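First, one chain by itself: the form predicted alone, in structure tokens.
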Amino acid sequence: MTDIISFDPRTGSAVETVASETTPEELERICSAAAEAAEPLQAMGRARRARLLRAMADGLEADREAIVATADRESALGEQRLNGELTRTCYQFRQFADAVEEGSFVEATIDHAGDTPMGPRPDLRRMLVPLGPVAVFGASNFPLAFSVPGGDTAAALAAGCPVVVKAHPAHPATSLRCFDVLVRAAADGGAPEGVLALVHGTRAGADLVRHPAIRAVGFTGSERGGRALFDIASSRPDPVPFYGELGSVNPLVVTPEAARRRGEEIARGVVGSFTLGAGQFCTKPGLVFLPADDAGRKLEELMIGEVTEVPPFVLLTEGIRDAYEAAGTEGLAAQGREASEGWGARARLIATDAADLTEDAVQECFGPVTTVVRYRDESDLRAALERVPASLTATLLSERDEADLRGRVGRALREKAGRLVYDAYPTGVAVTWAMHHGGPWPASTNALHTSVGATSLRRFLRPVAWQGAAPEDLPDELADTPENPLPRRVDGRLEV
């Protein structure tokens, strides 16, 4: 049985053995318990489920100091960043609690029996119901926001689905501490046993996706790992939805006038964005398109100057550090200060011309690096953008008096991303109702849904219609007079 070991990335040393890899027998027991918990969790109703989510947020807040200290020791992301990440996670749980209480997410719809131009219609009532147990894969770069606690877990629980989390090997101690907090909150809130579980190990993760009790999968990670799990989910005898957030290069375009008028501001902003969190954000701008004129060249020189002053970083894992060091450095224009001990890395700035943009250059490289791409004119830019894979974000820095150019380039970028960012930087994802965090392949496996924001729980629901049902056979949301009122569409009219 293989041990799960927690490392300190600042030194590269093993610190403690946290757990053992989950055995097939343990996985079977965990998944069976999750299946048995599905109906009781749904039966708790919206009000009790909302209280459960708030209790989980309160538990995380109460253990904040220890959680952040453990996460910092395992990730080297810094206490300030991790405190912000934990605040975001607690906010997500509470936001989902509000959404569950409000109830519009179930899309309750009632069409009473009656005559229509098509003839008589039966009584029909429709709403979204939970899919069942959900597998969630923790991400390396967000130990508190896309891991045991975080968006996927909160969304699935809000939808009424038990959750089995595959802990990421980069932060097993953090995963276990957060898991213990959430399990205590679940028990205190009267949730059924098996509503939340934790597994360790690569084999356990693959077997989890295969298990017939699992009805959907949430994943944040590499394109290679996500594709392998996506193929397992799709090749099951009963294929299940796989919501994977994968690689993303996130192009950023600077127009000629923006480069001319605010080059210094843009240089600082771009370098700050691609080095934020040691360049380990999925929304990091990995390609920066600059005009190949005097203003663009000056902006590139300013970026080179900024990069040379960037201090060294510590990356999350030895594997991430090794992949970063092995990435091509052709066209290297600047490097940051020398790397420290442990899994350290220097910031890098690569430069090339749009006509020379290679297939390797348009792939995501995890770490503090970006590539400047010089374009001669709009047609040169558009041709280069055609070679860029779809991404989570696409950014446009322009001036108001470039409206026609901004419109054309914006429309081209819209085909490449799930979120368009204007005159700002893409790192940092707001947790709001209007956020969309996803994109066409390979940014994600399903461009129809977001993995951030209240509407992300839609991933873990499916529609069911009741025809001619007796009142006692209907869920409360579809009753003529529900105990817990919610927005509904009744006979074609929205009632709030």
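Numbers follow the displayed sequence, beginning with 1. Here the structure is a predicted model, which is why all the values come from computation and not from measurement.
We do not show the form predicted together with another copy of the chain, though everything after this point is about it.
- You can rule out all but one of 435-443, 51-59, 23-31, 66-74: in the model of the complex, only 435-443 has residues with a heavy atom within 4.5 Å of another copy of the chain.
- Using a 4.5 angstroms heavy atom cutoff to another copy of the chain in the model of the complex, all of Arg400, Leu461 and Leu494 count as contacting.
- Proximity to another copy of the chain in the model of the complex, defined as a heavy atom within 4.5 Å, singles out one entry of Arg419, Arg346, His200, Arg374, which is Arg419.
- A heavy atom within 4.5 Å of another copy of the chain in the model of the complex is found for exactly one of Gln80, Ser379, Thr358, Ser235: Ser235.
- Although the partner is absent here, Glu257 sits far enough away that none of its heavy atoms falls within 4.5 Å of another copy of the chain in the model of the complex.
- Although the partner is absent here, Leu131 sits close enough that one of its heavy atoms falls within 4.5 Å of another copy of the chain in the model of the complex.
- Another copy of the chain in the model of the complex comes within 4.5 Å of a heavy atom belonging to Glu415.
- Within 4.5 Å of some heavy atom of another copy of the chain in the model of the complex lies at least one heavy atom of Arg126.
- Interface residues of 472-496, taken as those with a heavy atom within 4.5 Å of another copy of the chain in the model of the complex (partner not displayed): Glu472, Asp473, Pro487, Arg489, Gly492, Leu494, Val496, in sequence order.
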